[in-house]
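Here we start with a single chain on its own, the form predicted on its own, put down as structure tokens.
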Amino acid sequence: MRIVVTGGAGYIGSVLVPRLLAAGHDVRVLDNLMYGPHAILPLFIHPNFSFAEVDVTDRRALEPHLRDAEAVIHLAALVGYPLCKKLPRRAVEVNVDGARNVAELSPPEARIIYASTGSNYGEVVGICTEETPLNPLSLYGETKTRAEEIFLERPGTVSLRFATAFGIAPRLRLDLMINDFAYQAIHNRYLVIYEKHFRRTFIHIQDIAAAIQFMIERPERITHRVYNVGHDSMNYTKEQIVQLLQQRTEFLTHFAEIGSDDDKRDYEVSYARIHETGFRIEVDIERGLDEVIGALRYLRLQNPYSNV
């Protein structure tokens, strides 16, 4: 299958694209290389891999690369509330206008998988299902919600609302909650946690990639337009994640009673719908934390202004 992956040099793409190539697909990555090409450099030797340095906001440059696609996986976005808060205009341009370009320029017969987010739910009382009204609390959530609406206006599109990602990838992210907590615990030996009772469901990056591949390769299993992607067993509060990390490495923790986290997401999600397709995650929290702790021990970021 001829698959175009926008944002394919990013966190998800750096794990997903090798899986698609290994499965025999022809994969074309479109990316503006905001974070550089390092994560995809080893893929250039693969005969079924191709790349174009393209920004999804550039409609004219984008069009010829989508023309013959049989499937499009749209990952390109400014991800996370801190980045969108820092670059609000750019967040709208990429997350909303870029999504519109991809939706409109993809061949009508092409299937589109849109990488959405549980951030669309915001702060919810009770358990979120795919029918729960969306209540994004940040510009990131707002732009991703609007992009999802754009894609769902187009037939043949499936939106995947992913749980909070974690795990090691060629294009590593340390801003993700578990990855961030683990890095600080290992290298700073100290964590300050606000609103320890806030709850999230987590999903390993390998399972995100597996879910997208499943949706591409098993269209006969898809009976809905929107799926929450994760597993009920991966639902934890911040405090519970800290306790699991403390079983693996020594560090001090201060649970702050005064102050708040800028990221107000607090929700529990039902994954019954995606379970009906037969998809199951493979990496549980224990295995995932072992990987993160094991790998991040060897990540040493040098402060250029320090003598030590």
Ligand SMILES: NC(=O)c1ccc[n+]([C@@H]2O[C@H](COP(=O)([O-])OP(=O)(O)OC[C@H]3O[C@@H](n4cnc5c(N)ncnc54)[C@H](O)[C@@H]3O)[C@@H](O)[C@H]2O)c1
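Sequential numbering from 1, following the sequence displayed. Predicted, not measured: the structure shown is a model, and the values here were computed from it.
Although not depicted, the form predicted together with the ligand is the subject of the following passage.
Partner proximity in the predicted complex, defined as non-hydrogen atoms within 4.5 angstroms of the ligand, places exactly one of 180-188, 123-131, 77-85, 150-158 at the interface: 77-85. The ligand in the predicted complex is approached by T164, whose closest heavy atom lies within 4.5 angstroms of it. Although the partner is absent from this view, T117 contacts the ligand in the predicted complex, with a non-hydrogen atom inside 4.5 angstroms. Mapping the unseen interface onto this chain, I113 falls outside it, with no heavy atom inside 4.5 Å of the ligand in the predicted complex. Proximity of Y227 to the ligand in the predicted complex falls outside the 4.5 Å heavy atom cutoff. For the candidate set L139, V96, L176, A210, a heavy atom within 4.5 Å of the ligand in the predicted complex is found for exactly one residue, namely L176. Scanning M34, L41, A272, A256 against the ligand in the predicted complex with a 4.5 Å heavy atom cut-off leaves one residue, M34.
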